[in-house]
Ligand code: GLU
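Read the single chain below, which is given as structure tokens and is the form predicted on its own.
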């Protein structure tokens, strides 16, 4: 049997660029080559001990049977309370669905709303999986470009111009991956004013980096005038509580969307791990305004951001970077290196540059092409300051060879 049996859907899908780079890094490490990995979007902190204790307690109490498809009642109630406490959004428990990570929450939504040819507006740079998820669900991504020189701002005129009779949804991510862009209340209001004229467009707001906002208060587009009733908010515990491996995400939105996602999830994964849900309950119940852990982690990431910007501007001045307001990424413009060569390899694209740095500097990064921005690369600073400094020190002589 050959691969002709595979569906067009999976043949045409693209492997996640971040996971692909992680795979290549592991292959090089297996050969004895030490790689500094700045490619993966994962906090280097461990899950807080009280959360781990909640999981141990769940095992001891035999919370090891099939969980409800939509999630345990107490967790869904706690998530609804979290939205009220942190975002001033009123959702009923019945509007909340717990899934195997925020990634599954997004996939559930796309598969629940999209018919072939339906359009979803996505600002670029975008998280690598958005486009593939939309296409797998039969939809058509409509990409709006934003730029580093404008701090990756999406202007209302751009949104208006992208809307067509086929537009089914608009996707927004704040704080953003890969840019660290945080939309202000004023920016969100201007986008909401455009959407108000198009009441049939669903808004999908990915807020997974909510607690990693360095310079201000997090605002959800669902809190803007007329938006809550037509917005699905996606979040989870992976980034804010260093719980990537626990695989708990959630969404809250119109009940008919929640019901559709429950129906879909019931057919292909059922509920998320009950043990992980009890750990997530401990996280969600934690008030972020009174959390030493969140305060420490956010302060650490901000210090690393500042360190990286200082080092890049001093040692790698041809990389042009802005100052991201959240998440834990830099997304510099690297076009100054295009057309240069070390005598053996010529850098024509961002992908050429990250592969060059992987093999020449032993630093793993991700090409901006995967995020819809071919002039950039993504650098994750979710690792120790010592490794970040070493990474720049190893990149500097490699880049200086390019003439």
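Positions refer to the first chain, counted from 1. The structure presented is a predicted model; accordingly, all values stated were derived computationally and were not measured.
From this point on, the text means the form predicted in complex with the named molecule, which you will not see here.
Heavy atoms within 4.5 Å of the named molecule in the predicted bound form belong, among the stretches 35-43, 61-69, 350-358, 331-339, to residues of 35-43.
The closest heavy atom approach of residue 394 to the named molecule in the predicted bound form falls outside 4.5 Å. Using a 4.5 angstroms limit between non-hydrogen atoms, residue 177 touches the named molecule in the predicted bound form. Within 4.5 Å of some heavy atom of the named molecule in the predicted bound form lies at least one heavy atom of residue 128. Shown alone here, residue 110 lies farther than 4.5 Å from the named molecule in the predicted bound form, counting heavy atoms only. When you look in the predicted bound form, the only residue of 219, 103, 168, 82 with a non-hydrogen atom within 4.5 Å of the named molecule is 103. The single contact residue among 305, 298, 239, 228, judged by any heavy atom lying within 4.5 Å of the named molecule in the predicted bound form, is 239. Residues of 183-220 that come within 4.5 Å of the named molecule in the predicted bound form, judged by any heavy atom, reduce to 209 alone.
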